[in-house]
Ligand SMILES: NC(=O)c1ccc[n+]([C@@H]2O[C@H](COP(=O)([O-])OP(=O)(O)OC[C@H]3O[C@@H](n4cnc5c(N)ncnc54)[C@H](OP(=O)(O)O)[C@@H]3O)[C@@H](O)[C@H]2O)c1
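Have a look below at one chain only, the form predicted on its own, in structure tokens format.
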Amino acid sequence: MNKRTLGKNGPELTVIGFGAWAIGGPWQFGWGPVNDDESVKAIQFAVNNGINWIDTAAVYGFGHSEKVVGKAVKGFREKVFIATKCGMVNDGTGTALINNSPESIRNECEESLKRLDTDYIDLYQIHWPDPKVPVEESWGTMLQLQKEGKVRYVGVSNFNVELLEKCMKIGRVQSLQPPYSPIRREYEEKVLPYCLENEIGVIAYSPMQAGLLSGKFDKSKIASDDWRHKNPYFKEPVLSKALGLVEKLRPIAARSGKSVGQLAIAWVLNNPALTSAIVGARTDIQCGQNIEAGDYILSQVEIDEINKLINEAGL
């Protein structure tokens, strides 16, 4: 699979990364029940078929995702680039709270190392901004963990330019993980250009808008406790507009023998700021379909055609 460099002097990552959010199982922002054996099989399929990195987080299933990832890569850990995140913790009642205090970050790092069954984390990221803690304090702790060798690279997720600038003043931000899809483009105006100019790698999550743009989405089939029931993208009037757009994109994808989901991934990867797209999978079949998007290159004519349809959809 094609690879791109993650930020200044960073590692080479495949343009598709395995997203391990859904395999965390039921929790506050879960995707319904999962089969751990299938999850392990999916991860191993990904690695055996060209994907060289996995994105997870301590909060996914409150540690369950990390445990599954650790189990899946046991025996070939050194061949896989593992990214995980800190800053969201269980309050004891099953509610995730943002906590970017230095003490919490350090404790979470130690716990993640244990769950992943590894001596180091390849990329450690602050999951969400915390207005209660000065970002300089949080970022300073991340840099210290890097100096100690517990993590190789440090990055952030869901940060704006102002926060990125504050971090960059005290130490390099290797990467940013923002949401980015054909119907979620708010990071295009300022954040992605800033990252491109400052050699900050970008690994986008939800390129298919949490499955909405997969071309196979059926709201009646998602689990009753799936977090998407509460998400505005999955409610009217946005839902109908998005599904209408999917039908208009389908013929464009079909011309290349691809699905709408693969088109959405290719569209995201077309942005010059992007290093990779994080695409979730719960089975090896889903993973195989995601991998096929890695060599799907859209022409400028197709990009223009897609953008016109997006604008007309009013999303």
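Keep in mind that what you see is a predicted model, and the values were worked out from it rather than measured. Quick note: we count residues from 1 along the sequence shown, nothing fancier.
Only in words, not in the display: the form predicted in complex with the named molecule, which the text now covers.
Only one of these stretches, 190-198, 212-220, 97-105, 241-249, has heavy atoms within 4.5 Å of the named molecule in the model of the complex; which one is it? Contact criterion met by 212-220 only.
Would Lys85, Ser157 and Arg228 all count as contacting the named molecule in the model of the complex, using a 4.5 Å heavy atom cut-off? Per the other structure, all of Lys85, Ser157 and Arg228 touch the named molecule.
Heavy atom within 4.5 Å of the named molecule in the model of the complex: which of Ser112, Ser138, Ser206, Gln174 fits that? Just give me the one. If I apply the 4.5 Å criterion carefully, the residue I get is Ser206.
Please pick, from Leu269, Ile51, Val260, Ile278, the one residue with any non-hydrogen atom lying within 4.5 angstroms of the named molecule in the model of the complex. Here the answer is residue option Ile278.
Do Phe81 and the named molecule share at least one heavy atom pair within 4.5 Å in the model of the complex? Outside the cut-off, so no.
Find out whether any non-hydrogen atom of Trp21 is located within 4.5 angstroms of the named molecule in the model of the complex, and reply yes or no. Close contact exists here: in the model of the complex, Trp21 approaches the named molecule to within 4.5 Å, heavy atoms only.
Residue-level question: is Asn290 within 4.5 Å of the named molecule in the model of the complex, judged on heavy atoms? Heavy-atom contact with the named molecule at 4.5 Å: present for Asn290.
Check whether Arg282 has any heavy atom within 4.5 Å of a heavy atom of the named molecule in the model of the complex, and answer yes or no. Close contact exists here: in the model of the complex, Arg282 approaches the named molecule to within 4.5 Å, heavy atoms only.
Within 39-64, which residues come within 4.5 Å of the named molecule in the model of the complex, counting heavy atoms only? Contacting residues: Asp55, Tyr60.
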